[in-house]
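Just one chain follows, in the form predicted on its own, and it is written as structure tokens.
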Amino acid sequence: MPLHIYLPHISPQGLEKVEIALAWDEGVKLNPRLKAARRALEIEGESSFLVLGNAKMLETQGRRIIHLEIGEPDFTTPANIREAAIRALKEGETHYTPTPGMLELRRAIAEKTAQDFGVEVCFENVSVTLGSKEAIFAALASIVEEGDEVIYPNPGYQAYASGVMFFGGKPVPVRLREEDEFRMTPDEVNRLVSDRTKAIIINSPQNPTGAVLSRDDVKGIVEIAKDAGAYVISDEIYRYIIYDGLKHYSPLQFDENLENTIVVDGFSKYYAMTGWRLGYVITPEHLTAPLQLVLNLVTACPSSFIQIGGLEALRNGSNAVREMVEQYAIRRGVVIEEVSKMSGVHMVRPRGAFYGFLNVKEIIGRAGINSLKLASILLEKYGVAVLHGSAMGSFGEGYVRISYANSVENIRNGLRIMSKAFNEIAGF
């Protein structure tokens, strides 16, 4: 029997799910026991990479594409960080390190955490990972059992729900609402807590909306988790990219004994180190050994010379971060300006990260399409790559996400093309 795989694919009808059948020669019989695990087939991949792949394919055909789909800084990793890793390679740093990472890097992460939040973290509870994705995976692997419920933001990063399901848990979405500026509020969380709740995932600043949780939001969610005997998993990968004089708050600041907080962070976004694949997770003491066993099983250890680059980032990267955030603030201003001129489109002002989450419900309503189809039309007909809102969860339908981790020129041109496209698509 043929195996069927479903992948987003560019077709003449647009970006849609197209069935690809992998069939064997007639007469060849496959042992029925030789099949992929259901949990692997049910993983929902990160759509931004799939859209990027489709956009790149169009570029190979000679098309010019403006990339607003991928959440990747357009800046090159700062020179001092690159030079530190190169120097480490030249000096022979090419061997295994301990599974949780180099001692110097773990100490530096603990020191930086104490400096930023005024909370003492033992370096032994810091584990270095291959990007924040592995940190999320390892955290979920360490706590989620069959039937456990994990509350997570929707729209939000799709790895949360996919990871929970992979380990047999039940993802429970909190609907993020425009009237709350897409903040994940304690009241909304409290409505969803049950005796099966194992963890509550928060992400601030948030992907895809740019929402930033207030002090009361974070404190309230921590208190709810404590009462429920649940963990808080805090994804803080954008925590330095924040605007309007707002401040980032971590659950670490409200968990006095550091017993139910798991912090996930990394170097990709604010140090412009996406390709380095370097992240970390901070765990309660009782969870550290189990999580490090998971990491040992999956990757043994992170690359040694890359960890040395991360150490340089922590020690001497703050000025570069500040300069990049200043540029993101300028770009955000361009997004706000251009979106305000669009007919039938509006956007909640992003307070952090580098995304705009555009409400296009009037556009797709007039055209009789969904956000996936709209994104396909923008890419194929107009040469602008964006991410459809439903890629960020069911409550993201009716929106498209743009990334302003791009040049001012590209952002402005891309949004002006989108405005023209919306007028034509909706018939304004």
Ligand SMILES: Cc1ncc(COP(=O)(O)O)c(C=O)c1O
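One rule holds for the numbers: they count along the sequence shown, beginning at 1. Just so we're clear, the structure is a prediction, and the values are computed from it rather than from any experiment.
Keep in mind that the form predicted in complex with this ligand is not shown, yet the notes after this line are about it.
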Which of these residues, Asn125, Asn203, Ser250, Gln307, gets a heavy atom within 4.5 Å of this ligand in the model of the complex?
-> Asn203
In the model of the complex, the residue from Gly220, Pro171, Gly344, Gly131 that sits within 4.5 Å of this ligand by heavy atoms = Gly131
Which among 242 to 250, 85 to 93, 269 to 277, 108 to 116 is in contact with this ligand in the model of the complex, heavy atoms within 4.5 angstroms?
-> 269 to 277
Is the gap between Ile262 and this ligand in the model of the complex 4.5 Å or less for some heavy atom pair?
-> no
Check whether Val232 has any heavy atom within 4.5 Å of a heavy atom of this ligand in the model of the complex, and answer yes or no.
-> no
Check whether Ile136 has any heavy atom within 4.5 Å of a heavy atom of this ligand in the model of the complex, and answer yes or no.
-> yes
Answer yes if any heavy atom of Asn207 is within 4.5 Å of a heavy atom of this ligand in the model of the complex; otherwise answer no.
-> yes
Can all three of Tyr160, Ile237 and Tyr355 be found with a heavy atom no more than 4.5 Å from this ligand in the model of the complex?
-> yes
